[in-house]
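The chain that follows stands alone, in the form predicted alone, written as structure tokens.
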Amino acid sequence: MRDTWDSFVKFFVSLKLTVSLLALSIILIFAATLDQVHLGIWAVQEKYFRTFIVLWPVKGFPVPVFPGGYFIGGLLLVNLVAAHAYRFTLSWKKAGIFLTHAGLILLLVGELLTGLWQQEYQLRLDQGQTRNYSESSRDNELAIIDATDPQWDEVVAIPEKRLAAGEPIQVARLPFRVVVNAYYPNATVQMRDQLPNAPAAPATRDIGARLALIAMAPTYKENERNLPAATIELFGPEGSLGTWLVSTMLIEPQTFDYAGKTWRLALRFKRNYQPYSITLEKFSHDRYTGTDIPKNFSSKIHLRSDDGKTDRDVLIYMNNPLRYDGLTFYQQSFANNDQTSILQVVHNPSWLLPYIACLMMGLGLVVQFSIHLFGFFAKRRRAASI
């Protein structure tokens, strides 16, 4: 039993394990870099790094082919902590080594927390426009809105994953059941009267009865996004209320009356509401002389909280984001002939950890170098005094 325990401990504290994990990391990064051409950065992160096992489709079936980032990083973290606990004794002469490795451990933990917690959204504002929400650049939701009260909307948001699952959806606040007849991860819609030999209408209600739905292959390019669509049928106690076509390409929500209330229906980018509003007062955009290459683009915004405690102007530009209420607003891009500013909105509670980790590692190296340097000078003085 003792021999088994010793073998178990030696495996996790082994330097060979460290080297093997680093080699696997290099291979993983190399493979992910090559695949990024086809999948894009977000899909690559999910497929290679934010997973325990990398799966490749073989004849339509996912087959495990390589350890993923969570597995390699987690095992490397265990190896690092176990080696310190087993091999090293605490002393001032090794203070720099301990500080450097503690920073490395914190860096690994920070990456794990970032992968689990970080959320990213976009806030698009035309000049003079005010919004109290940002929108996801990848996730979508089906919004069913009770718009009966002109002063207040009650919204039921159904995640896109539930639509893709294809199972009936029953929400207590809705007087009808939602049945997904078909879901398309990427599709375009066109007016049927503009297409020769147009297919049958995919819906019976509202604008969907006049549209043609064309399925498209999912895209993974950085400058493109999927535009999902679905055909949904609503069922009340008396039976079917009809079939609607919902798509992120349809800007305006579809409206219908049922059970004495006015309802709106829309498939939209997932929204993240906040207890404050942001108004774009002015967007500025300079260009390098003689070119169309942008430089110094910035957004002057007005930030006002619902409770009135915050009411101020803020200038957001490159490398000068706004940090407020747990979110960070970066100047990302612009559109619409400089009339629209696009801000990247990031929620990452662990954003400070990489900075602290790098500071600890840098300080640890300086401390360890200084210890050896002073020891070298001390030996020189002793040798000279003999």
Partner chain sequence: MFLRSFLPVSASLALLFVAGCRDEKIATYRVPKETPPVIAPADSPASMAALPADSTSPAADPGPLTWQAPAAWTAKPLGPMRKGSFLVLGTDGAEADFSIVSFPGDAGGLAQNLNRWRGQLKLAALSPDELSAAATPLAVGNLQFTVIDFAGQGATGPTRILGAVLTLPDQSYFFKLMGPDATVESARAAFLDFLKTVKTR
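Nothing here was measured: the structure is a model prediction, and the numbers come from that model. In this text, the rigid core denotes the largest set of C-alpha atoms whose superposition between the two forms falls within 1.5 Å. Residue numbers count along the first chain shown, from 1.
Below: the form predicted together with the partner chain, not depicted.
Though only this chain appears here, would R205 touch the partner chain in the predicted bound form if you measure heavy atom gaps against 4.5 Å?
Contact with the partner chain, no.
I'd like to know if H347 sits close to the partner chain in the predicted bound form, meaning any non-hydrogen atom pair within 4.5 angstroms.
No.
Going by a heavy atom distance of 4.5 Å, is K47 a contact of the partner chain in the predicted bound form?
Heavy-atom contact with the partner chain at 4.5 Å: absent for K47.
Spell out, yes or no, whether the shortest heavy atom distance between F52 and the partner chain in the predicted bound form is within 4.5 Å.
Judged by the heavy-atom cut-off of 4.5 Å, F52 is in contact with the partner chain in the predicted bound form.
Tell me which of 276 to 284, 81 to 89, 100 to 108, 263 to 271 has residues with heavy atoms within 4.5 angstroms of the partner chain in the predicted bound form?
Single hit among the candidates: 263 to 271.
Which listed residue (D149, D257, D313, E167) meets the criterion of a heavy atom within 4.5 Å of the partner chain in the predicted bound form?
The residue from D149, D257, D313, E167 that makes the contact is D149.
Sort through G242, G115, P175, P185 and report the residue having a heavy atom within 4.5 Å of the partner chain in the predicted bound form.
When the partner chain is considered in the predicted bound form, the option within 4.5 Å is G115.
Residue by residue through 8 to 35, tell me which have a non-hydrogen atom within 4.5 angstroms of the partner chain in the predicted bound form.
F8, F11, F12, in sequence order.
Once both forms sit on the same rigid core, is the C-alpha displacement of V78 at or above 2 Å between the shown form and the other one?
For V78, whose C-alpha is compared between the shown form and the other one after core superposition, the shift is 2 Å or more.
Does G128 count as moved between the shown form and the other one, where moved means a C-alpha shift of 2 angstroms or more after fitting the rigid core?
No, G128 moves less than 2 Å.
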